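As a starting point, one isolated chain is supplied in structure tokens, in the form predicted alone.
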Amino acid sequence: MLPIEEIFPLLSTPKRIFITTHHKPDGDAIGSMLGLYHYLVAKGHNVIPVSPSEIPEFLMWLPGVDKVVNYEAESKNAEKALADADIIFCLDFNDFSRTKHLTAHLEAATQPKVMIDHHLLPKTVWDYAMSDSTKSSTCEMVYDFINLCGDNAMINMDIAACLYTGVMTDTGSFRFPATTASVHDMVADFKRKGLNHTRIHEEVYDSWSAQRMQFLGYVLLEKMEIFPKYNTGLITLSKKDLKLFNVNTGELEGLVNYPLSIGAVRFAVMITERSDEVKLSFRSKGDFDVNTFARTYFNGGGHFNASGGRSTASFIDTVAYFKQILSDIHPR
């Protein structure tokens, strides 16, 4: 893989650009995709952003979200955009399999592929790459990319709002260890340019429906288990639970963090039953490495304190297996 600076000559004239991110996108995925979208459009490129699946409701206010093609709803349009593109940008993932239904299409594409991502152990399938696991988010890296291009002056409020959203959500409102000085430098730059961070926080965290708030109460009261011996908190959500409150998977964002608010809990897990697999989310405090845990037990990965995995076993069997291996890992 070549350093991302090597792509600059190709971007010196208008190109047709395809941007995508991972399946079941979060704030960093959509924020980085739309932040880069606005920047490349301002540079004169023809850009089509494609999400492998639907965008969570709490991100539907983001500027440019109406331009995003949902692959699951518009697969033919998305595939045509990919076929017609001169350059492909892949954001917030480092393995094609993270795009699910788009995987085979990306693998078969012959155009130059560019990765911008902050996860560990990237696959070496891209032509150009900007990979740094010490970064807080892919949104911070898109900001770095724009600066690397010498275009800081082009950062407008649409770009700033998208990138701030992704950084804010991926750092847990700036409380996770990955919140370095460079993150605050970026936010300070956005503030000097006129960003209204209060509105963004309200859009993301203070726009819940009453039903979603009731669902949170149900989860904490009925679906959360604490294992004091293992310093672990577990949330389990079946398809029946989600249907009971008519909740979509995008509305589960951040739920896995709640057990970590309990002083003795060092390891928080959420196991969610989906239509075709069981999804697991892992968070930790301190020196318990959930990235290694996810890779060892649940075909996943991510970051040291935040990771994910999946299981093809049944929901009930997956929950039972997790409880069985707790004595082996014993987080402290």
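The model shown is predicted, which means the values in this text are computed figures rather than measured ones. Start at 1 with the first residue shown and count on from there.
A second form of this protein, the form predicted together with a small molecule, is not displayed here; the remarks below concern that form.
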Though only this chain appears here, would H303 touch the small molecule in the model of the complex if you measure heavy atom gaps against 4.5 Å? yes
Quick check on N299: any heavy atom within 4.5 Å of the small molecule in the model of the complex? yes
With the partner left out of view, is K135 within 4.5 angstroms of the small molecule in the model of the complex by any non-hydrogen atom? no
Though only this chain appears here, would H105 touch the small molecule in the model of the complex if you measure heavy atom gaps against 4.5 Å? no
Only one of 260-268, 57-65, 39-47, 303-311 has heavy atoms within 4.5 Å of the small molecule in the model of the complex; I'd like to know which. 303-311
Pick from K223, K100, R212, H119: which residue has any heavy atom within 4.5 angstroms of the small molecule in the model of the complex? H119
